[in-house]
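Here's a solo chain for you in structure tokens, the form predicted on its own.
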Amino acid sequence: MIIQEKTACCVKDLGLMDYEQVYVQQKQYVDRLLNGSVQALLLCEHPAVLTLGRMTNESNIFVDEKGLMKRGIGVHHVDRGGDVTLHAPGQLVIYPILNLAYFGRDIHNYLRQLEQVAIDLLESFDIVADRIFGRTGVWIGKKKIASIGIGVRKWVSFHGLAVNVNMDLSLFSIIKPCGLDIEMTSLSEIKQETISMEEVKRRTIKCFFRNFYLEEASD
């Protein structure tokens, strides 16, 4: 980390919100930051939706468009790295709108820091998670619990980190998550109980502020 003093960041809890609406807000916050405003963390859940990153191989989606529509699952091609992923209620999605100039303009390091946020979050629930070399994200054994896909515009980050909390993991059967032959897991599956999303949000914010040396600011 290059940063030497805390930088300002506001937090917006958007609740359950349509993917496209949140994407519009991300772009607005990116523009604001480029024009001198503070950084932001946007927290939300999405109705069921597939997002297809720049590296998506559509053979990794096992249900055709009609089948997805029948299930009420939206599809969006997005300007982030990576393959196909899935968002749904019970998954916490965090969109950090951060000025990477504060962090050495190092995208690889930024990805590792996002992983560390998820690792620290899980540790706060007494869950041991780790990285797997060559695979972005956070894992518990061979199962993936947190997915990462980012975009960067003029060294401002957008898109971000998704942590499976209480979501219906069976939804992942319609895709090959991130283009990998893997199983997904969640906090509730590991703890064998429903986890408070509000508590997860609270701890996530704390982990972000500690790892990125942020201080809270008004919007």
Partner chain sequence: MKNVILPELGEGIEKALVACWHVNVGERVAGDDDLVELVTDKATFNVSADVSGIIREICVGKGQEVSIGEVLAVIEPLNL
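Source: prediction; values computed, not measured. Residue numbers count along the first chain shown, from 1.
Just so it is clear, the following notes concern the form predicted in complex with its partner chain, a form of the same protein that is not shown.
**Q** Is it the case that residue 111, even though its partner is missing from this view, gets within 4.5 Å of its partner chain in the model of the complex, heavy atoms only?
**A** Residue 111 belongs to the contact set for its partner chain.
**Q** Give a yes/no on whether residue 190 approaches its partner chain to within 4.5 Å in the model of the complex, heavy atoms considered.
**A** Residue 190: no, not in contact with its partner chain in the model of the complex.
**Q** Does residue 174 make contact with its partner chain in the model of the complex, using a 4.5 Å heavy atom cut-off?
**A** Although its partner chain is absent here, residue 174 would stay clear of it in the model of the complex, with no heavy atoms inside 4.5 Å.
**Q** Using 4.5 Å between non-hydrogen atoms, is residue 127 touching its partner chain in the model of the complex?
**A** Residue 127: no contact with its partner chain in the model of the complex.
**Q** Assess the spot marked by 10, 28 and 38: is its partner chain within 4.5 Å of a heavy atom from every one of these residues in the model of the complex?
**A** So, no: the whole triplet misses its partner chain.
**Q** Select, from the options 49-57, 63-71, 190-198, 163-171, the stretch whose residues sit within 4.5 angstroms of its partner chain in the model of the complex by heavy atom distance.
**A** Stretch 49-57 is the one.
**Q** Answer with one of 148, 98, 118, 92: the residue that has a non-hydrogen atom within 4.5 Å of its partner chain in the model of the complex.
**A** Here the answer is residue option 148.
**Q** Residue by residue through 80-103, tell me which have a non-hydrogen atom within 4.5 angstroms of its partner chain in the model of the complex.
**A** Going through 80-103 in order - heavy atoms within 4.5 Å of its partner chain in the model of the complex - the hits are 80, 81, 82.
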